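Here's a solo chain for you in structure tokens, the form predicted alone.
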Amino acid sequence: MSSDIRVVGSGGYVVHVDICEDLTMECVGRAHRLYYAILRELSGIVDEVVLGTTSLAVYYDPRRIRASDLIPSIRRVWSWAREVELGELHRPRRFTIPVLYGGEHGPDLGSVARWAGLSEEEVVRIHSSRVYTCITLGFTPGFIYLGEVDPRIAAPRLETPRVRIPRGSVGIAGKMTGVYGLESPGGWRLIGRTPLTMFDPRRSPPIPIAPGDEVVFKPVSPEEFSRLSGVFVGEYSS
């Protein structure tokens, strides 16, 4: 993988930074280091940094800096950020997310099992036995993108997205697994649901999980699911 990055201004007071082309966890780590380095080193001259899966968008105030000056500043930050460990910029935390797999909460668990040639129990075991990294947040408030899914169960997205997916749903889309923070449309294969509240706009931050943090999934019973209903993700302890 090349150590260089592509930095371009595209109008609208935003600079785009392409880290790499393919979604790999190595690429994700590079994106995280640059993301946190920019937040630390350029906080006085940029308004917002939006993290994608393999790229960044850096929004700036043209009254404080021009794109022609911001671009070399980003490159200077990258020249040292690419060599450091993420822990020097952001200390990752680990979150446990309880999940009730299958049934009405995981209507696609069977299709993932058939795609993988495994039993539903094996899919649950594989999915819940891995430590995932939070790649980024979006596309709706509280949605967390996590990687990397075990290749044995990395089923593709649905051909036809659903119009309504309940909040807390846990899905798989190829290399990534994720949790829906709010009810929304979506095309991920739903294998379970967490009873936790993943996004609460009344809190600061409204979701405590940040890029680079770790997530593990814990299978729970229907009784445990009901008991934990509404608990904020930042207050849950397994």
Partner chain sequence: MSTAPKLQVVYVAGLATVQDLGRRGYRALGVPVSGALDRLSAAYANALVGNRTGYAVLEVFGSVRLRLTVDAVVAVTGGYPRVVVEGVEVAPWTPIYCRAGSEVSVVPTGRGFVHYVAISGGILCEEVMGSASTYVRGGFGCLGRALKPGDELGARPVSADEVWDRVRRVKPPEEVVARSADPGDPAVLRVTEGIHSHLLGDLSTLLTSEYTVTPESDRMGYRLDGPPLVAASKLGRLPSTPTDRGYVQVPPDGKPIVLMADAQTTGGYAVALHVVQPDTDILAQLRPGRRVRFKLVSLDEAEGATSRYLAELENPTLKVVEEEYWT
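A quick note: this is a predicted structure, and the numbers were derived from the prediction, not measured. Positions refer to the first chain, counted from 1.
Just so you know, the form predicted together with its partner chain exists too; it's not on screen, but the next bit is about it.
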Proximity to its partner chain in the model of the complex, single hit among Pro141, Pro92, Pro107, Pro166 (heavy atom within 4.5 Å): Pro141
May I ask you to choose, among Leu34, Leu190, Val49, Leu196, the residue with a heavy atom within 4.5 Å of its partner chain in the model of the complex? Val49
Check Gly87, Ser128 and Glu224: does every one of them have a heavy atom within 4.5 Å of its partner chain in the model of the complex? no
Gly9 near its partner chain in the model of the complex, any heavy atom under 4.5 Å? yes
Taking heavy atoms and a 4.5 Å cut-off, does Arg75 contact its partner chain in the model of the complex? no
Looking at the partner-bound form in the model of the complex, is His16 within 4.5 Å of its partner chain by any heavy atom? yes
Just checking whether Ala67 would be counted as a contact of its partner chain in the model of the complex - the rule being heavy atoms within 4.5 angstroms. yes
Partner contacts in the model of the complex for 42-65 (non-hydrogen atom within 4.5 angstroms of its partner chain): Glu48, Val49, Val50, Leu51, Gly52, Thr53, Thr54, Ser55, Leu56, Ala57, Tyr59, Tyr60, Asp61, Pro62, Arg63
